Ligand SMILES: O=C(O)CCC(=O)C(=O)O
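The chain below stands alone and is given in structure tokens; this is the form predicted alone.
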């Protein structure tokens, strides 16, 4: 059972306007492992990042260089948007695939106790429907995304250095490319007071891996995130509003030929406090060919068939959240 915070909710369930009641679920979680912490200002950062990507596919970064002001401003604007009446929020949707969505996650039947905004980082969006001060929202979003993109590239260059890959921008150039298919997502998980009274939890966002190269997550000081460990148990991640959490994505798993593992994770909704998370998904250009880097093979056979990011992205649209989406691209040894 995940312990719930006793803080009050910022947004009521009435404002969220779900038509169905909260569905209780009980989960077991592990506390035997601790999340790797990487100080990006230290010389050993590259070594610690590689180790964390191999063992967890996940780590926390401190001294990341993203101004707290940029973080708090965007969080404040996001809460203002999600506090609007449902009819106002729906003007920014439906997500096709970008825009506002609620409860439904993807086109294949997955649902969660979540509402969200999904934005493409290289396209202009109709911010006029996002609250009373859309130009302010636009500026704050762009400023924040610029900061986290820079951090993503720094981390990916440290990965290359740690793996002794040349050039060191082998990964980061894909995110910095003008055609990079990166996306930005803001998830809001409203409190569910009925569960708080019973001490129960429910799925906010079901278990999945991220298909892109790398994900940078920041959330408000509310619990809920869990990652899957190698033994299949779930580790609850203590919230830390001043740090970022980094996920290895499917594409990076392929490019390292399985040396790094794309982390399976999920979110449990909080019974008494709303949770807001902001995730930058660093993705390659649509035409980019994804395959293990030759410098990492050293005579080893590739575990994956080569594919373009466009092909992989399309394949994910036909899958459920919990599916092993890389399964279609694995090389199966002849028996």
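Numbering follows the first chain given and starts at 1. Just so you know, these numbers come straight off a predicted model, no measurement behind them.
Absent from the display: the form predicted together with this ligand. The rest refers to it.
**Student:** Is it the case that residue 205, even though its partner is missing from this view, gets within 4.5 Å of this ligand in the predicted complex, heavy atoms only?
**Tutor:** The answer is yes: residue 205 has a heavy atom within 4.5 Å of this ligand.
**Student:** Is there a non-hydrogen atom of residue 274 within 4.5 angstroms of a non-hydrogen atom of this ligand in the predicted complex?
**Tutor:** Heavy-atom contact with this ligand at 4.5 Å: absent for residue 274.
**Student:** Determine whether any heavy atom of residue 290 comes within 4.5 Å of a heavy atom of this ligand in the predicted complex, and answer yes or no.
**Tutor:** No, residue 290 sits far enough from this ligand in the predicted complex that none of its heavy atoms falls within 4.5 Å.
**Student:** So in the predicted complex, does residue 279 come within 4.5 Å of this ligand, heavy atom to heavy atom?
**Tutor:** Answer yes; at least one heavy atom of residue 279 falls within 4.5 Å of this ligand in the predicted complex.
**Student:** Looking at 65 to 73, 279 to 287, 300 to 308, 45 to 53, which lies within 4.5 angstroms of this ligand in the predicted complex, counting heavy atoms?
**Tutor:** Result of the contact check: 279 to 287.
**Student:** Which residue, 261, 185, 103, 149, is the contact with this ligand in the predicted complex, using a 4.5 Å heavy atom cutoff?
**Tutor:** Comparing distances to this ligand in the predicted complex, the residue within 4.5 Å is 185.
**Student:** Counting only heavy atoms, which residues in 204 to 226 are within 4.5 Å of this ligand in the predicted complex?
**Tutor:** Residues within 4.5 Å: 205, 208, 210, 217, 225.
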